[in-house]
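Okay, here we've got a single chain as structure tokens, the form predicted on its own, with questions on binding and movement later.
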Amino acid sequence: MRKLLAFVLVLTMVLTLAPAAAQEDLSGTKVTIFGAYTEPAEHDSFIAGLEILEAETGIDIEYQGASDFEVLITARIEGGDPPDIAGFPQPGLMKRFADAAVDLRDVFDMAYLQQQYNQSWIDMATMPDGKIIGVWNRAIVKSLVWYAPEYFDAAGYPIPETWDELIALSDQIVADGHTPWYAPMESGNATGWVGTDWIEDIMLRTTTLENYDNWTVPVALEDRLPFTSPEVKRAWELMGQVLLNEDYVYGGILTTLSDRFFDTGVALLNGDAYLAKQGSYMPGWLLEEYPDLTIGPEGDLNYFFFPPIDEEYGKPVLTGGDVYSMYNDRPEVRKVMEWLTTAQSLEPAIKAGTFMSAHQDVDLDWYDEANRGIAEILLNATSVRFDGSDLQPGAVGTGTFWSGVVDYINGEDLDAILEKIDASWPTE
């Protein structure tokens, strides 16, 4: 009898947690998805995943991509003509339209979502009142440090597992007559964003998730963690421990602010520098100049996890990615949303080396050697948070935060910089 009861319990859990069968016939129905994919590789890989569901269910899924996504999605939702599903490259933009979105607690069992995602992904799509307005699909990993195995291994350098070990390694590279870091930031009007990634990653390693959230997307102005707070100031100072050290950085301040961020990996390949902090997308920048570039322990470039700083904050990962909100509640729309919560929706893109998955059910064998280790870093993260400058109001996140990094690298007073950024935060 106990075995029978156990079987019934397991069967009940499976039926509760799993989405409805993918083979359900929904022929003759249509679902529109509006998103920001316009570049062929991204667009085509995403469509390939949708085509699997179309073949299984008969749903006609129309994907509409636009480079001016933010302007158009705002017009559509505020004009009362939202798509069935919208794919947001920034959760902050998604939350602007929370009132119009379907509450996904009415669509998914919470236990199912917790099975599919690290809790942090769910938290980033949850409003203060508990309403869940998005599910995640593609992911980007930013918490990486790159190196060239040829030079790294020849010198016998270890992979650092803590911030203190990273600094000790940097000192050893200097002592050996080499330059540890390359950190080019030139990006036109966006120069400085590379430094904001450093600060965001450091924040996740030195303070609570609550503080990170109140720094980036506070529920109310009175909850905001200001840039002048000790927590934020410490993150800037730790970044400065590396990037303001002329012995540490290839070319010094001039190169940091004048070299294109697209060239980040070049100094590693040439042996001019040994370390570079950049996201999982960095190798793609180099393929035009280095079409035979290989990634991995025996490759031209490899990576390791940007190490923890304060032990109590675990191994957090700074991410980017796409989150999908639902605006029209019909069976076929629910089916597509269910599909987006599964790694299988990204299987063609993963195998093509185009996307990474935010899902817990991803098969690591789908990844090539270059991306499998990055996927493992994401799966093993103790917490996940989205790029902070992308979440903050535009005047800050793509304004004074970026320019503040440039000012800091140029040697201006940190307290004055932080006060200036705080002063730019909108009061409404």
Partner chain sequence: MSAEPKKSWGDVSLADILQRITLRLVVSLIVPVITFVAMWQSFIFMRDSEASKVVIAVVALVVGVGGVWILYLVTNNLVEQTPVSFRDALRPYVFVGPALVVLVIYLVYPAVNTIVLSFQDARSENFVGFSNYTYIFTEPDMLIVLRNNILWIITVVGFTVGLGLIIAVLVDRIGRWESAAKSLIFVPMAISAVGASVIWGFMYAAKPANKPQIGLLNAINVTLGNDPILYMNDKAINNFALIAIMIWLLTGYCMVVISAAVKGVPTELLEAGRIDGANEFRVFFNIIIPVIRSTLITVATTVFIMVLKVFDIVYVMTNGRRDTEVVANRMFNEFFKFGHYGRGSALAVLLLIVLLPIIYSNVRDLRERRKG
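Between two forms, the rigid core is defined as the largest C-alpha subset superposing within 1.5 Å. This structure is a prediction, so every number in the text was calculated from the model and none was measured. Numbering follows the first chain given and starts at 1.
Below, we refer to the form predicted together with the partner chain, which is not included among the displayed structures.
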*69-77, 203-211, 165-173, 344-352: which one contacts the partner chain in the model of the complex at 4.5 Å, heavy atom to heavy atom?*
69-77
*Between the options F305, Y250, Y313, Y157, which residue brings a heavy atom to within 4.5 Å of the partner chain in the model of the complex?*
Y250
*Taking the partner chain in the model of the complex as the reference, which of D197, E338, D259, E332 has a non-hydrogen atom within 4.5 Å?*
D259
*Would T398 sit within 4.5 Å of the partner chain in the model of the complex, counting heavy atoms only?*
yes
*Would L254 count as a contact of the partner chain in the model of the complex, using a 4.5 angstroms cut-off between non-hydrogen atoms?*
yes
_Using a 4.5 angstroms cut-off on non-hydrogen atoms, would Y327 count as touching the partner chain in the model of the complex?_
no
*Is G130 one of the residues lying within 4.5 Å of the partner chain in the model of the complex, judged by heavy atom distances?*
no
*Which residues in 402-423 have a heavy atom within 4.5 Å of the partner chain in the model of the complex?*
S403, V406, D407, N410, E412, K420
*Core-aligned, does Y212 move its Cα 2 Å or more between this form and the one not shown?*
no
_Threshold 2 Å Cα movement between this form and the one not shown for A98, core superposed_ = yes
*Report the direction of the Cα distance change between A98 and S383 in the model of the complex, compared with the displayed form, as closer or farther; the change is 3 Å or more.*
farther
_Sense of the change in Cα distance from F69 to F261 in the model of the complex - at least 3 Å versus the shown form_ = closer
